[in-house]
Each structure stands twice: as C-alpha cells, then as structure tokens.
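In the block that follows, a single chain appears as structure tokens, in the form predicted on its own.
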C-alpha cells in the first residue's frame, strides 16, 4: 500500500520564492476573457447590427472608424488582449502535452515570437493607417472618393 508524503515532510515540494507566473497567467485568462467578451460583442454590434450589416463594411467604413481615437483604442485593446490570451492558452497546451523539454521550449518560443510579431504589426496598422495617402497624379483614380483632391 502506498502512502502520500505528509505536507511538511522533507520530500514534499519546496516553495519557491518569487512570482507565481502560473497563478498570474490563470488570473489573466479569466480577466481578459471577461473584457474580451465585452469588446467583441461591442465590435460585432457596431459592425454588423448598428449600420448596414456586412454590406456596409468597406474601406471607407474602416477609415471612418479608425479616424476616431476611441475606436483605435477599442480595436487595439481587442487585438492585444486576444493575442496574449490566445498565446497564453497555447503556452498552457504546450506545457501539458509537449513530450520533451527542448520541444516545449521551441514551441513556446515560436508562440511568443508569432504573438509578438502580430501584436507589433497590428498596432502599426491601427496607428499608421492613412486612408488618403499622397500619391502620384496617375494614381489619383485609385484613391477613395472621400479623399480630398491633391
């Protein structure tokens, strides 16, 4: 018959000092999940219900939306929270199912790099988006109709 070591026995796992990253990751998943539900349903309501529905979403719709700092921050929060939430979930799955320490490190590194790259690129797109860029005279016909003539 096997027995379980007493909690304070010398063989019990010792407490490590420092930050408990698993606890904070768990708490982040719960908090970000709640905030993401609000952000996503708000996004869907504005894009699908309040306007003309899916037929109304075009370049001009996005340009008009991102002209407002409110919607830039809204979409930025949704982007950051969703990507970090997803990467943390993938990290948890990798921790649970990776067959070797090296494979786990490689996969976690790949998840971190891809999430970081998407966050950086998405942030750049949101804040550098210009619906009316400067173009040469022969390209003026390619600009949207709401852009002032140059």
Partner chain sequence: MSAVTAPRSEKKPRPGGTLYRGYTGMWSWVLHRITGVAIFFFLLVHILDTALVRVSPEAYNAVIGTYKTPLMGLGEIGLVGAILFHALNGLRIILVDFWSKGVKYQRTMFWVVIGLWVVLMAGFLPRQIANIILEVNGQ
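Please read all numbers here as calculations on a predicted model, not as lab measurements. Numbering follows the first chain given and starts at 1.
Although it is not shown, the form predicted in complex with its partner chain is what the next lines describe.
Participant: Test of understanding: in the predicted complex, would residue 19 fall inside 4.5 Å of its partner chain by heavy atoms?
Facilitator: No, residue 19 is distant from the partner.
Participant: Answer yes if any heavy atom of residue 108 is within 4.5 Å of a heavy atom of its partner chain in the predicted complex; otherwise answer no.
Facilitator: No, residue 108 sits far enough from its partner chain in the predicted complex that none of its heavy atoms falls within 4.5 Å.
Participant: Taking heavy atoms and a 4.5 Å cut-off, does residue 143 contact its partner chain in the predicted complex?
Facilitator: Because a heavy atom of residue 143 falls inside 4.5 Å of its partner chain in the predicted complex, the answer is yes.
Participant: Taking its partner chain as it sits in the predicted complex, is residue 87 near enough to touch it, meaning that at least one heavy atom pair lies within 4.5 angstroms?
Facilitator: Output for residue 87 is yes: heavy atoms within 4.5 Å of its partner chain.
Participant: Tell me, which of 51, 64, 42, 104 has a heavy atom within 4.5 angstroms of its partner chain in the predicted complex?
Facilitator: The option sitting close enough to the partner is 51.
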